[in-house]
Every structure is written in C-alpha cells, then in structure tokens.
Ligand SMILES: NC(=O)c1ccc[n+]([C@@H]2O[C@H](COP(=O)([O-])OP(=O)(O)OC[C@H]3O[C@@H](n4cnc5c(N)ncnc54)[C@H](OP(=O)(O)O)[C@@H]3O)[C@@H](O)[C@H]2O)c1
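In structure tokens, the next block holds one chain alone, the form predicted alone.
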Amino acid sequence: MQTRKLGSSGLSIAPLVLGGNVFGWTADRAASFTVLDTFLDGGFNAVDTADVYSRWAPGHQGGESETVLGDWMKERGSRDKVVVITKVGSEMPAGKGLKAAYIQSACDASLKRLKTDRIDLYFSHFPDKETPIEETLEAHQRLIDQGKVRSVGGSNYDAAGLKQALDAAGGSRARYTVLQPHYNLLVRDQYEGGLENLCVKEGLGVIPYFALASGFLTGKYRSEADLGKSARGGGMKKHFNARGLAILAALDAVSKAHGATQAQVALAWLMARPSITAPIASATSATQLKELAAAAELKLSADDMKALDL
C-alpha cells in the first residue's frame, strides 16, 4: 500500500490510522489483538493511542490501551512494523498538563506500558494554558534528544495556539510536525479556514479524529428512534437537522454509486482532502476493520466531492 509522508516528522504512514481508544475497553484483549493483526496484515502501519485511554470506563485508571498495544507488539514481535502514536496531558492518577517534569515522567510511564524504548509520534493531547508553550516544547526536545521520542505534535490546538507553538520552536525547543484535530464530513468549522491554512503553509501532517462523527456518518443513525443503538447514540440527536440529514442523503447516493458503505465514503472524503494525511478510525472486530480499511481503495470523483460538500 502506498504510504504518505506525515508532515516533516520523518514518518510515513498508510492512509488510515487505527484508533486505539477501544483497546481494553469495548474491545477486550483478544478482540484488540485480532483487530491489530488484521490492520497490519492489510498493509497499514500507524496506531493512535493515549495514556488516558480508557480512564473514563468504570474501574479503569488510564493506560489500558497502551498496555494492550504493548502486549501485542511484544507477543507478535511487530514493533518495527508499527508507527506508534500516543499522547500526554490528560488527567491521569499521576498528574496532568504539559509541564516539563510531568511530560518526562508520563513519557517514561507510556514507554513502560508500550514495552518499547521509543514513541514515534508523541502528542500534546490538549493545550495547557497554565504552562508556557516554551517549557512544553523544551521538554519534548529533551525526549527527542534522549531517543525516547522521534517527533512531536499538537492535538486539539486552534489556529492561534498552533501558530504560537510553531513560532516558539527552534533551538532547544521541538517543533510540532503533526496536528490531530476534530474533523469530519459533518464537523468542518473547527479545522477548515485558518487552522487548515496554517497546516498547509507550515507543512504539517494532519490526522483527524472523530472521522466518522462517533458513528453518525456510518448511516447507523437515521432517526431519533435509532439513538438507543449504542452508548454514543444520545450524542447523535444534535445532528438530526437539515444539514445532517442532507449529508446522510449525499452519503447514501455516493455510496450506492460506488457499491460502498457510508463509512467508507466518509473516510475516503477525508483521505481525498489535500491537507489530510490520514483519518483515524477505530474498530472492535476484524469484520468492522476490513470494511473501514476498504476506504483506502475508494477513489471519489470531483462530482462525488462536490455532492458531499454541504
């Protein structure tokens, strides 16, 4: 499978990133291993996780996803075949934020769970207004100098925050090479415009999360009667407006024309956006993953892209 350069990180990834938020949560260890095996066998290579996954689940402390990924890489001997992406900054039992000392200790804890000596791409999970960006970037640079991290990025930054971080980089401070924003066919205003323009101008790689709008763009939810189909269903109600329904109709038309699923079209739309390196999507079974992975082979025409531009 043809890979894409991930900004100036020095990394190259396939056009779909596997989301690890479900590992050890809605996908148990065995199911997670199966999904990871299927992903790697399909020619894909980048897996996105975070130290905080899945702290939100009852009885979980965070680190469950990294632990599953680390166990899988060790058992399969697959570390060198995987681009490992993880994050720091969300609240964990040991702390939170982007202060230098915490970044160092959190990285060491992630490395231990991942059972590896290096993280390929390390994200600041959320901007930390309590910590000068200079301190954060200096901490990231020390990790790079120590060989513990290859490259760093920013997640959930707006245009002003990202520009501040890029302007502060250089010398003893690392430079964000990748952005991880909330972006999909339905939610476009948080990325398109100033933030996207900045990423293009500065040559950043972009790997958006919520690529399927928490399931809305899969076509699973057609009316308020469908909201009980999953734990995330309640959050879909806000999308049942004129634009949301129009997007579902456009997805239906394009997917029918290509003999594809709505999810495949939604992911292919992101993959076709010039500024996007690869969307992130998660799966809890091999069957689900194979469906999503097929999006990498789906080529949308200019007319398709126009029809989806709502």
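Quick note: we count residues from 1 along the sequence shown, nothing fancier. Values in this document were obtained by computation on a predicted structure and should not be read as measured data.
Keep in mind the form predicted in complex with the named molecule is missing from the figure; the text below concerns it.
Considering Gln164, Gln190, Ser214, Thr116, which brings a non-hydrogen atom within 4.5 Å of the named molecule in the predicted complex?
-> Of the candidates Gln164, Gln190, Ser214, Thr116, Ser214 is the one lying within 4.5 Å of the named molecule in the predicted complex.
Given that the named molecule is left out here, which of Arg142, Lys220, Lys99, Arg79 has a heavy atom within 4.5 Å of it in the predicted complex?
-> Of the candidates Arg142, Lys220, Lys99, Arg79, Lys220 is the one lying within 4.5 Å of the named molecule in the predicted complex.
Contact at Ser8, Glu196 and Val200 by the named molecule in the predicted complex, all three, heavy atom at most 4.5 Å | Checking in the predicted complex: none of Ser8, Glu196 and Val200 is within 4.5 Å of the named molecule.
Only one of 99 to 107, 71 to 79, 131 to 139, 153 to 161 gets a heavy atom within 4.5 Å of the named molecule in the predicted complex; which is it?
-> In the other structure, the partner sits against 153 to 161.
With a 4.5 Å heavy atom cut-off, would you call Thr284 a contact of the named molecule in the predicted complex?
-> So Thr284 counts as contacting the named molecule.
Looking at the partner-bound form in the predicted complex, is Asp48 within 4.5 Å of the named molecule by any heavy atom?
-> Yes, contact at 4.5 Å.
Residue contact check: Val22 to the named molecule in the predicted complex, 4.5 Å heavy atom = Contact check for Val22: yes, within 4.5 Å of the named molecule in the predicted complex.
Non-hydrogen atom contact Tyr209 with the named molecule in the predicted complex at 4.5 angstroms | Answer yes; at least one heavy atom of Tyr209 falls within 4.5 Å of the named molecule in the predicted complex.
Along 157 to 192, which positions have a non-hydrogen atom within 4.5 Å of the named molecule in the predicted complex?
-> Heavy-atom contacts within 4.5 Å come from Gln180 alone.
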